[in-house]
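One chain comes next, on its own, written out as structure tokens in the form predicted alone.
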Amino acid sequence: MAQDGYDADVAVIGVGTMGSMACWQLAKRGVSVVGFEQFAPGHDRSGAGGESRLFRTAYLEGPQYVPLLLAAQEQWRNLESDVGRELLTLNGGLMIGQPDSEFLTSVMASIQSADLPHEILNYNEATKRYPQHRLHRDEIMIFDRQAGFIRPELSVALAADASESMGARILRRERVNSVEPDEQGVTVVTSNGVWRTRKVVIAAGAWSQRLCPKLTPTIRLQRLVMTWFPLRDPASYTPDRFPIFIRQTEAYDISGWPTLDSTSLKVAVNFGYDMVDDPDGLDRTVNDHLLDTIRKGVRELLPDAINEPMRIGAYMDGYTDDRDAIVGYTDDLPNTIAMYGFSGHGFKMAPAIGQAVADLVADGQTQLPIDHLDPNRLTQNRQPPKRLRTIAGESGR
């Protein structure tokens, strides 16, 4: 328990994807931590919903992520050991496209950077081994042996629970109204009281910059929609027979997961559906015309699925201009560590990001490779914002 007028050493604002992992890693070190969550850990009102998330090491986003992903794999196993449940299933992953495409060139760069175990399947080999996919003659598959899927809601709930068992305090349904850092510490004002801590970790996802308007870089919110399609032959899509996949071909950029309910195949486009102006006003309904792209993709590329979704889930995430997250101490606010803006590809790294934040709190630095996520990287010579790709267009719904 913190002393000298402090209620805890660290306040973690938001106990979702990143905040739950920060609480777990801090509590493991014996750091006094209090987490504030406006809902409850494991909720699906922001980014951690949809029953499964991809895990990849052959990373199309760049080789700089590979060491962090390998560290994340180790941390997922540590969390599983602490909670006694399997959370990460490595059933392999298929990267599907044209061999000379920017997509597969980037994947191969990540593979070569760390000599990752993989296979390259030509058209004939791929169609024989994975007939569930309808390939074009000029496409190949790269099989990432260290890929699979994670259970997001369960992972967040269990990480928070584990942190409590190690001494952390998690305040559920406790909305934070303001965060006020100063040179001596941080004051957190909630709907139920006032707290004083030495440091604060801002892990509020889509709400981060509403709580701390001075945080930079800024993020823009995209609505992410996931869809589940009925299967004619579910037995062919179980995890042991159907790896996760990402496919970029012609007009399609989609991801898919094996069936987890013995009924449906989860498929999603790899970019936002539209923009979100207010995180408190996330529209959970989806206009039918926004589903045209994913329906056509399923009809043309996954013929065993019936191309009308039986289930639709809407979520959101914050995107930076360069699509790299914000992790670390910020020059804008004293005693403040930011972890937000994961731009649609953060969940797989969450326990390693939590470890890095715990390092920063305890030691002032981390050995994990997060320099490319430095919050202060864009404060000078900042490039004009890139256009966010969405189905509805940047103007919104």
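The first residue of the shown sequence is 1; numbering continues from there. Remember, it's a predicted structure, so these values are computed and weren't measured experimentally.
From this point on, the text means the form predicted together with a small molecule, which you will not see here.
For the options Leu301, Leu260, Met226, Ala126, the residue carrying a heavy atom within 4.5 angstroms of the small molecule in the predicted bound form is Met226. A heavy atom within 4.5 Å of the small molecule in the predicted bound form is found for one listed residue only; from Ala305, Ile254, Val83, Leu211, this is Leu211.
This chain is displayed without the small molecule, yet in the predicted bound form the stretch 343-351 from 328-336, 343-351, 365-373, 23-31 comes within 4.5 Å of it by heavy atoms. Shown alone here, Phe245 lies farther than 4.5 Å from the small molecule in the predicted bound form, counting heavy atoms only. Using a 4.5 Å cutoff between non-hydrogen atoms, Tyr237 does not count as a contact of the small molecule in the predicted bound form.
With a 4.5 Å cutoff on heavy atoms, Gly205 counts as touching the small molecule in the predicted bound form. When contacts are judged by a 4.5 Å heavy atom cut-off, Arg175 counts as touching the small molecule in the predicted bound form.
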